[in-house]
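Just one chain follows, in the form predicted alone, and it is written as structure tokens.
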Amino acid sequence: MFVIGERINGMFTDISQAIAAKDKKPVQAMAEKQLSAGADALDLNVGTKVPKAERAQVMQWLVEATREVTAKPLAIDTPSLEIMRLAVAAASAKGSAIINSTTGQQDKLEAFMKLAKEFNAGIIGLAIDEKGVAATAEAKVEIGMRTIAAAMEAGVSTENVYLDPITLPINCNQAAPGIMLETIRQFKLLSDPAPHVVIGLSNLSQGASERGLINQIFLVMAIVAGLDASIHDPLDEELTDAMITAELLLNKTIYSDSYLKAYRQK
């Protein structure tokens, strides 16, 4: 499982305060904590409190602060092509980047795929188009096919493509998790080599009372369905233990009595 740590996000109070004070130490400490907990990449999001006119500057600051402590991939979380280009260029100077994200709208697909090709970056394609969030597995897969086609047209390897079926809160749509699982299964059949499939796990339990349990159980179910990447909090030890154990039981890792410890020391 390719884990993208979600905690460098201006929606969290500690990161929001660090951004406001231009204090890179809390950002760097959070980066190191997530990496020590097993994160393979880090998602960077300035949040909504930063004025739009300042978001490009703040995103570049986040990238540069994080790059001082790691060369691991950085997922640049912004819908703005201008900010994305600036941040991906900065991230790619000393490592690699993941574009998070593009929708299935043709003009956006072409622009963001061109950027992915230019910087040899990964790219997350959302199951959203001009009609909004796709509601059925069939509609999500159609957008996924469109994303794969755009990648091939741009010369982007499908190994660099991450398809996101879109995670909706279960307290708003209880049928959504089942639709996501079917979509994940079908996404893995769209190309050879298969695209990666990623979810923003925390969105599923947004507003629910049993957030930890919901996230744990669904992550295991999604791994069985073919999920191979997730944006979540790697500091959640119970969630991480469930993920590690699921992959062990699917014969994706080698068993030992200390398999949990071995994962964290990889």
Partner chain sequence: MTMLEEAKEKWTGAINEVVIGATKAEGGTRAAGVTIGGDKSLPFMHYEAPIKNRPIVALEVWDREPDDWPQPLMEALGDAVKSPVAWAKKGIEEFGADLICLKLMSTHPDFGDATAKDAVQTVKAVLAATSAPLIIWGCEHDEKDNEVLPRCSEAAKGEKCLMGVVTEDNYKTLVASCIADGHSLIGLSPIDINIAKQINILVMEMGFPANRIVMYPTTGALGYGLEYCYSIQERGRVAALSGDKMMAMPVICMVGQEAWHAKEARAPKEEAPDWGDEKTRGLFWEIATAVALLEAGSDILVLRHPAAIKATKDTINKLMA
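If you're wondering where the values come from, they're calculated on a predicted model, not measured in any experiment. Residue numbers count along the first chain shown, from 1.
What comes next is about the form predicted together with the partner chain, which is not displayed.
Proximity of residue 257 to the partner chain in the predicted complex falls within the 4.5 Å heavy atom cutoff. Taking the partner from the other structure, the partner chain in the predicted complex has no heavy atom within 4.5 Å of any heavy atom of residue 13. Not displayed here, the partner chain is kept clear of residue 82 by more than 4.5 Å at the level of heavy atoms in the predicted complex. The partner chain in the predicted complex is not approached by residue 17, whose heavy atoms all lie more than 4.5 angstroms from it. For the marked spot (251, 261 and 265), a heavy atom within 4.5 Å of the partner chain in the predicted complex is present in each of the three residues.
When the partner chain is considered in the predicted complex, only one residue from 107, 159, 138, 130 comes within 4.5 Å through any heavy atom, namely 159.
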